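Take a look at this single chain, the form predicted on its own, given in structure tokens.
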Amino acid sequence: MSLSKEQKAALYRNLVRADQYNRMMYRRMMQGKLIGFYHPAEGAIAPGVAACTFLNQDDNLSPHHRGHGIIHMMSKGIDIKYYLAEHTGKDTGCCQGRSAFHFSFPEHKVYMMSGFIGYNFAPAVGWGLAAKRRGQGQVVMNCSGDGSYGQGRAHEAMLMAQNWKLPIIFFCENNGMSIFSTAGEMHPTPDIASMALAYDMPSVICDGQDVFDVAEAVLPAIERARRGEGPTFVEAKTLRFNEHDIGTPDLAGWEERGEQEHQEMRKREPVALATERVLAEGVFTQEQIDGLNEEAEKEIAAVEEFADNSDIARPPESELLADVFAP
């Protein structure tokens, strides 16, 4: 499909915001201002932006863990200040500072995050079945990486979704890396989307470095789901510029990824690619792009101020000792 100028503008605006948010999280992690950990999203921000910018408020979303789902949730319209406060251990956090990485925004149909790879497939089937029964055109955006498709629950979910024609988009952000294991080691084919063939499910592969190409793949899948025509598998082939999470070695198998590999990857940086296109097509001028970056910086400064000025979460003793039994 062909994107309108307004759609391209919305995608680019969110891409700029996503880049700024990822840089902020990386910086705060290095400054010791986050509790827990952070999985940086540099290089892999375009898929989440494209998958979520055009979702409706009542659509279910299960974000990818890369960038801690911030890219996906801010593109859907969720106020990230409550999630940063959560990462900072503050009582204004989305889970009152109890969880750090494990978000919950039920009012936005974002229900949970788990440390288990592929945790979201079974709930996605439940959300999809509920959406189908309501008959109100809701869709379920189920985001995960290539590594999660080695899980049995992923295949069970695809089988049930296709049998029941559930409105689910199985959105695979394939960066070719499952922590240290390469996709070539984990899968017999370079195209994860080929798995959908076993379930007679429509599938599409797109360039995960190109936010517009991903959107052109995702939007028809969303529309198809809203019409009640069942699930679609979308594979966005993307890149992970950094290590899996800050502080771990940047390995591919037993070998460290080299400088030449990094240089080649960074030739396809998503914001640079999108900027070149929006300028060439007259979607934005350079002056307008500078303004978008300034707006994003102000937005993030306000988010940081909120988190930093919030009170530290101090759970009461009754909560800490709840369901704890001792002889």
Partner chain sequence: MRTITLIDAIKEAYQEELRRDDSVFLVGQDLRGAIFPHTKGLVEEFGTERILDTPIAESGMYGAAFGAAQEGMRPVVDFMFGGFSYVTFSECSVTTGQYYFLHGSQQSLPIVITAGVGTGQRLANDHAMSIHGTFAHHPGIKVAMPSTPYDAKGMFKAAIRDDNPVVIPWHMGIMMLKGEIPDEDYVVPLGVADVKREGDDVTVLANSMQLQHALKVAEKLEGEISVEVIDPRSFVPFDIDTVLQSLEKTNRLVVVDEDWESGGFAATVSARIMEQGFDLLDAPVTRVTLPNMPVPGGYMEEYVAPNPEKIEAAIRAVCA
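Numbering follows the first chain given and starts at 1. From a predicted model like this one, the values you see are computed outputs, not experimental measurements. Rigid core: the largest C-alpha set superposing within 1.5 Å between the two forms.
Unshown form predicted in complex with the partner chain; subsequent notes refer to it.
Heavy atoms of residue 93 never reach within 4.5 Å of the partner chain in the predicted complex, leaving it off the interface. Interface residue remark: residue 153 is counted as part of the site for the partner chain in the predicted complex, having a heavy atom within 4.5 Å. Using a 4.5 Å cutoff between non-hydrogen atoms, residue 186 counts as a contact of the partner chain in the predicted complex. Of the heavy atoms in residue 279, none are within 4.5 Å of the partner chain in the predicted complex. Note that among 312-320, 299-307, 20-28, 5-13, the stretch whose heavy atoms approach the partner chain to within 4.5 Å in the predicted complex is 312-320. Note on contacts: among 35, 265, 273, 292, the single residue with a heavy atom within 4.5 Å of the partner chain in the predicted complex is 35. In terms of contact with the partner chain in the predicted complex, the residue from 203, 162, 148, 242 that brings a heavy atom within 4.5 Å is 148. Looking at 88-107, the residues that come within 4.5 Å of the partner chain in the predicted complex, counting any heavy atom, are 88, 89, 96, 97, 98, 99, 100, 101, 102. Once both forms are fitted on their core, the CA shift for residue 311 between this form and the one not shown remains under 2 Å.
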